[in-house]
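So this first bit is one chain, no partners, the form predicted alone, shown in structure tokens.
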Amino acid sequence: MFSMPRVTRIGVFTSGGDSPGMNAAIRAVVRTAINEGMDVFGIYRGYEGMIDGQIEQMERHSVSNIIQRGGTILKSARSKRFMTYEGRLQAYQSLEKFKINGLVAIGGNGTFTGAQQFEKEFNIPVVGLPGTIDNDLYGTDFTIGFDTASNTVVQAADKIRDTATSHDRLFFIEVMGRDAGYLALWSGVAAGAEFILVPETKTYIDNITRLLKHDMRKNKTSGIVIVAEGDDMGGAYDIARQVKERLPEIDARVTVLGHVQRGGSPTVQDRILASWTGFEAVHALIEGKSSVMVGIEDKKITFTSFEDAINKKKNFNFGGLELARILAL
């Protein structure tokens, strides 16, 4: 077992899908590290940039006026090369040129999987920050970007409901969530959706049509269905088609929100979450922690191993689906 060297020069990068609040996290890491007398370097384009040596030293002014900006100033990219030992070796050699001996990785499952392997092979400690709008990482109540994305979905759903009501239409709104339905659940409850369809539960089209018929008998002529893209019956288009086949009298329309959910100025909650966890990540490296994700549970900072953050299943609040069903009656 290797002993970890004392961290004096930190590299920070963002990887995978961008999420609102990543810039706030970068800002917190850079300024905390400098305050601790450390050198800090920005690594551009995630693992791809690490391999290619796209690294530059950052100062306090490097992160001025970014806390309110969406996206990531360090850019992000997925890297097939980093999945190979040769790619990881090249990344290590790039870090060696700058004498970087500690990393803060901001991202999700894929980011942490790569970081875990990299640390095992090259003995560079890595601490992760949960940056994903999916909110699917075990070990934190919320992930950076989730709150902003939820608000984006709700704002869109509110506008769509206006036209749904005006034209007596049923709108199927598809949101991101290939493997997890947290975004669909929270935004669906907040938007007053009539139905919320998520990967965690099986969808029965006949149940939906039966309830829609019940609504029609009560003269309810419009509605909203929030569909996570990873629902077992398919995306919003597939589900809308199947409902339309059973109830041809319904005027069904589909809106896929797509990447608009990733963008926008982060909410207060995402800025605070990013700032707090970024601050703690630097101190975790100083204290010798590694291969852990910084999160917040019950308003307290937690450190969860990459192994658990990646592999353990976060508890899904099925009660939220029942809440939505009752409130939509």
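All residue numbers are counted from 1 along the displayed sequence. Just so you know, these numbers come straight off a predicted model, no measurement behind them.
Absent from the display: the form predicted in complex with 6-O-phosphono-beta-D-fructofuranose. The rest refers to it.
If the criterion is a non-hydrogen atom within 4.5 angstroms, does every one of His214, Arg217 and Lys244 touch 6-O-phosphono-beta-D-fructofuranose in the model of the complex?
No, none of the three is in contact.
Do Asp134 and 6-O-phosphono-beta-D-fructofuranose share at least one heavy atom pair within 4.5 Å in the model of the complex?
Although 6-O-phosphono-beta-D-fructofuranose is absent here, Asp134 would touch it in the model of the complex, with heavy atoms inside 4.5 Å.
Contact label in the model of the complex: Gly17 to 6-O-phosphono-beta-D-fructofuranose, heavy atom within 4.5 Å:
Output for Gly17 is yes: heavy atoms within 4.5 Å of 6-O-phosphono-beta-D-fructofuranose.
Does at least one non-hydrogen atom of Arg178 fall within 4.5 angstroms of 6-O-phosphono-beta-D-fructofuranose in the model of the complex?
Although 6-O-phosphono-beta-D-fructofuranose is absent here, Arg178 would touch it in the model of the complex, with heavy atoms inside 4.5 Å.
I'd like to know if Lys202 sits close to 6-O-phosphono-beta-D-fructofuranose in the model of the complex, meaning any non-hydrogen atom pair within 4.5 angstroms.
Taking the distances in the model of the complex, the answer for Lys202 is no, it never comes within 4.5 Å of 6-O-phosphono-beta-D-fructofuranose.
Residue (of His167, Lys120, Arg78, Arg210) lying close to 6-O-phosphono-beta-D-fructofuranose in the model of the complex, criterion heavy atoms within 4.5 Å
By the 4.5 Å criterion, the partner-contacting residue is Arg78.
May I ask you to choose, among Arg262, Arg69, Lys289, Arg45, the residue with a heavy atom within 4.5 Å of 6-O-phosphono-beta-D-fructofuranose in the model of the complex?
Answer to the contact question: Arg262.
Mind telling me which stretch in 254-262, 137-145, 91-99, 194-202 gets its heavy atoms within 4.5 Å of 6-O-phosphono-beta-D-fructofuranose in the model of the complex?
Single hit among the candidates: 254-262.
Are there residues in 196-229 with a heavy atom within 4.5 Å of 6-O-phosphono-beta-D-fructofuranose in the model of the complex, and which are they, in order?
Result: Glu229 alone.
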